[in-house]
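Below sits a lone chain in structure tokens, taken as the form predicted on its own.
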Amino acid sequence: MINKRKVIVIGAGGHAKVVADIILKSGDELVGFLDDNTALPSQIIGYPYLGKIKHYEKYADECCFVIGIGSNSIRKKIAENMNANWYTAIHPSAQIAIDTVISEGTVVMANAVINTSAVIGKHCIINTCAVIEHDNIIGDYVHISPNVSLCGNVKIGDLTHIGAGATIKNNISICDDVIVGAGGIVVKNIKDNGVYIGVPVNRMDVK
């Protein structure tokens, strides 16, 4: 018999509730939520609000943790300030190749596809119905939004956010700290951080 893991979600908003659902559907035990918003109700989707994030140490000996917060930079800040056992949340409906590498703290949502020889960094979000094709390399603290398509041999830098429905052509590299807008199509390498939108994408002017 496989022992259930006891898991606490950091964050208590909409994204956190989706992460909690993955934990439950994976057959593990959801202990509750930690969040710095003390105005939260005593229960969230039927599970307890346990207090501020700093209180994680009370549970660290018997629980593992996953960050249910959509902001890449906030996930990074929290992860770097917690000495925790991290939980990797993978929805049972996700299709993941046998040789894929998924690092600690990452969340893979319903109906995502991650194909052969892909490498996913730590504390990433691979959102609902995203497609990560073969030989992709995804950095740390990346958010791949719903219905994104990354073709083969794509490289995504740390802290980058690929907006909903975007498409990245094969053999493309995107540097750290980039935002690709929803529906954008990337056909050339992105070497400078910033916000890129359009079909194909162009960098927005900073005013």
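Each residue number is its position in the shown sequence, starting from 1. Everything numeric here is computed off the predicted structure, so don't read it as measured data.
Just so it is clear, the following notes concern the form predicted in complex with a small molecule, a form of the same protein that is not shown.
- When you look in the model of the complex, the only residue of G181, G152, G32, G51 with a non-hydrogen atom within 4.5 Å of the small molecule is G181.
- Shown without its partner, this chain lists S26, S173, T167, S145 as candidates; in the model of the complex, only S145 has a non-hydrogen atom within 4.5 angstroms of the small molecule.
- Remark: of stretches 51 to 59, 32 to 40, 157 to 165, 134 to 142, the one touching the small molecule in the model of the complex is 157 to 165 (heavy atom within 4.5 Å).
- By the 4.5 Å heavy atom rule, the three marked residues N127, V195 and M204 all count as contacting the small molecule in the model of the complex.
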